[in-house]
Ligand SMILES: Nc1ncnc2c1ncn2[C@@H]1O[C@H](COP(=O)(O)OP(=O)(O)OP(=O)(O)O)[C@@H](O)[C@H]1O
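Below you will find one chain, with nothing else, as structure tokens; this is the form predicted on its own, and questions on how it binds or moves follow later.
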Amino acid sequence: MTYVVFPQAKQLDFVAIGRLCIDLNANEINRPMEETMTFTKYVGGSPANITIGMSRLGMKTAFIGKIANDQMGRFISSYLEKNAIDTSNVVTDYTGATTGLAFTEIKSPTDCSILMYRDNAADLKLMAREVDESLIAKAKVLLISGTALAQSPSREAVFQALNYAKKHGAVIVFDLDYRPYTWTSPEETAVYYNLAAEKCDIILGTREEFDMMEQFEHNPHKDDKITAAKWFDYAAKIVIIKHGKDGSIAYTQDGIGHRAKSFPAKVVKTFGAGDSYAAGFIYGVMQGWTLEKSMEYGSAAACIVISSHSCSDAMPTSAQVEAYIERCNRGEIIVS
């Protein structure tokens, strides 16, 4: 059954708006940050990672965002271009804003944390008037993420992008991507997340992220069906609620909860899983696959990324995802 119809007569498959930053991943794993001496630099930010993932899967992509006028900003722009991502609407900030940094700590495969430096971050300086309507008009899909809603003027830029997407018939995907350190209060977060989610066709988030959005709702048992049902009264066609190692459930307007099998992985770190899952899932849905097959594809993509040191660099090609699924089906990847 087809739950989302994508406009076909568009030049671009996918455009995202939001956070562009630098990930500095610890090279000395299995030790705390205090004892870590060296890091490897990668492009980061959830919407950036998802866009890189979509490009690696063969989609025609573009990004809307703002970078600092510094070496890190130029590194980000160059990396996106090398990954065949249209950067014509990646704007340079000249007010002295800096590139956001994320230092990652890998104490163990399941004990990972991120130390963020987001003061005066350039990506939050994107203005509504800097969002290129013509770029969104050419796109089948617009992806927004929650971090970009945290402050003005980025917040207004996202809502302007949403208005353009609605105007030109793009399918809108909301990756909740909740980062509490960028917000002033849970109530503020819930208000703006809900206002954005009302306009979106596909919403993806963890159970904890949806809990955050339900500050003013009555759902004491954190019932997934109640959570998903609310959004079908607005624009949503698919709501995915992720439960970590317990898997994900995709809810649809007909009340069905779709589940798919997961795959084993030799885990190096946990971050990046959500971004690669989102890219794989969106790609599958755009191919007209069933939700179950799309979810499995996303799961396999996530397994590849969490088995690697990086997030953006590890985003897989379609050939790599398909090969991984085949290896798992043959029992070649077994994690005890």
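Numbering starts at 1 and runs along the sequence shown. Being a predicted model, the structure only gives us computed values, none of them experimental.
What comes next is about the form predicted together with the ligand, which is not displayed.
When the ligand is considered in the predicted bound form, Gly65 lies well away from it, no heavy atom lying within 4.5 Å. Contact between Lys138 and the ligand in the predicted bound form is not found at the 4.5 Å heavy atom cutoff.
In the predicted bound form, none of the heavy atoms of Met54 sits within 4.5 Å of a heavy atom of the ligand.
Heavy atoms of Tyr283 never reach within 4.5 Å of the ligand in the predicted bound form, leaving it off the interface. With respect to the ligand in the predicted bound form, the three residues Ser145, Gln160 and Asn194 uniformly fall beyond 4.5 angstroms at the level of their nearest heavy atom. This chain is displayed without the ligand, yet in the predicted bound form the stretch 260-268 from 226-234, 260-268, 186-194, 152-160 comes within 4.5 Å of it by heavy atoms. Residue-level contacts in the predicted bound form: of Met59, Ala273, Ile29, Leu291, one residue has a heavy atom within 4.5 Å of the ligand, and it is Ala273.
In the predicted bound form, the ligand lies within 4.5 angstroms of at least one heavy atom of each of the following residues of 287-317: Ser299, Ala302, Cys303, Ile306, in sequence order.
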